[in-house]
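What follows is one chain in structure tokens, specifically the form predicted alone.
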């Protein structure tokens, strides 16, 4: 008889899998390498944005949406090249997921409707008050602590796994060098991707390899290594979520809603260099290609006030990283860019915002309103947030081998799995990092609880 029914490697989105498995009566062990995981993993660093197509919050707001519509958005953003079975499964259960997080886990789910994220044809990206991943992760961790069927080993790391005739033997290593083997019916690899592994990043993501990595130091590709020992297939390893809005001073992400409300980005010459509204992920590489690989995010008092709803932005403000000026000349002097160039950019953006022009010279068609004083600016850097490719999984989050056959007892979620963002950074939609992290963990737990006999309790 196995020691536990499910081992979850990673205490980020994997906690959703632990909670779901326990809800279904399974005994679960969560193994997490980072003792400071509540503030140091990619789930905690996120903006807690989770797509849910067809949720009750959407219905209450009169928003028409469906899994099919969401899947169409994924196909459009990735130009039709994505892990279709995984995307179909996640789009289909996304509303169920956010409702379960609210009803079973107790998250105070809300549906922001004050802005639109690039690529989403409906307002479907749910969050929680404060819109910060650390709050989401604390809710998950608190729920885990109250669940008698879940035990945790922190800090500990799933170093290896192997199959016996009856079950899986998982090797857990500890910081002092000790190791122990734990038998389990199933193993969920929820260890994120390989963003902290410079060798793998250089190999698979050369366009962003020189940018700052803004993610967990423990995301070193453990799942790829463990999966390889089982003969697992991997795919879309060139996929990643970038972010063009890392505050150079605060080293905190400036939410891209600043852009969606009408802000724009200039470099040291005071000039814009592209369509910022395409998305913060792909714009990271665009920013990385500019002189000095940095820029200034320009916006106004209206946008500043609206963005204070985000905990990350509050942190940026409190750090002193925000510059401001009552006029264009004052702001230009504050950030050291030519006033004539910055003024010309404001004129062009205002013309599009008023409808005097249908698009700007880069093809951007929407600036919510003309910017007006006082004006604000934050110096930003491009960043690699996390990788989006990984082990190939099916609609149940089962890891597949080179012949597309499921490997018994092995599951993967989040950055450890293949993801739904296609290739590169341009296929990423807001929330499509947390959705595979939470959603695939949920699907893995549901399947494993039905598939494998439970241990004695």
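Residue numbers count along the first chain shown, from 1. Computed from a prediction, not measured in an experiment: that's the story for all the values here.
Unshown form predicted together with a small molecule; subsequent notes refer to it.
With the partner left out here, the small molecule still marks one of 268-276, 255-263, 323-331, 217-225 in the predicted complex; by a 4.5 Å heavy atom cut-off that stretch is 217-225. Proximity of residue 437 to the small molecule in the predicted complex: non-hydrogen atoms within 4.5 Å are present. Residue 185 falls outside the set of residues with a heavy atom inside 4.5 Å of the small molecule in the predicted complex. Interface residue remark: residue 46 is counted as part of the site for the small molecule in the predicted complex, having a heavy atom within 4.5 Å. The small molecule is not shown here, but in the predicted complex it comes within 4.5 Å of a heavy atom of residue 386. Checking 31, 28, 391, 410 against the small molecule in the predicted complex, a heavy atom within 4.5 Å turns up for just one residue: 31.
If you check the small molecule in the predicted complex, you find no heavy atom from any of 295, 307 and 376 within 4.5 Å.
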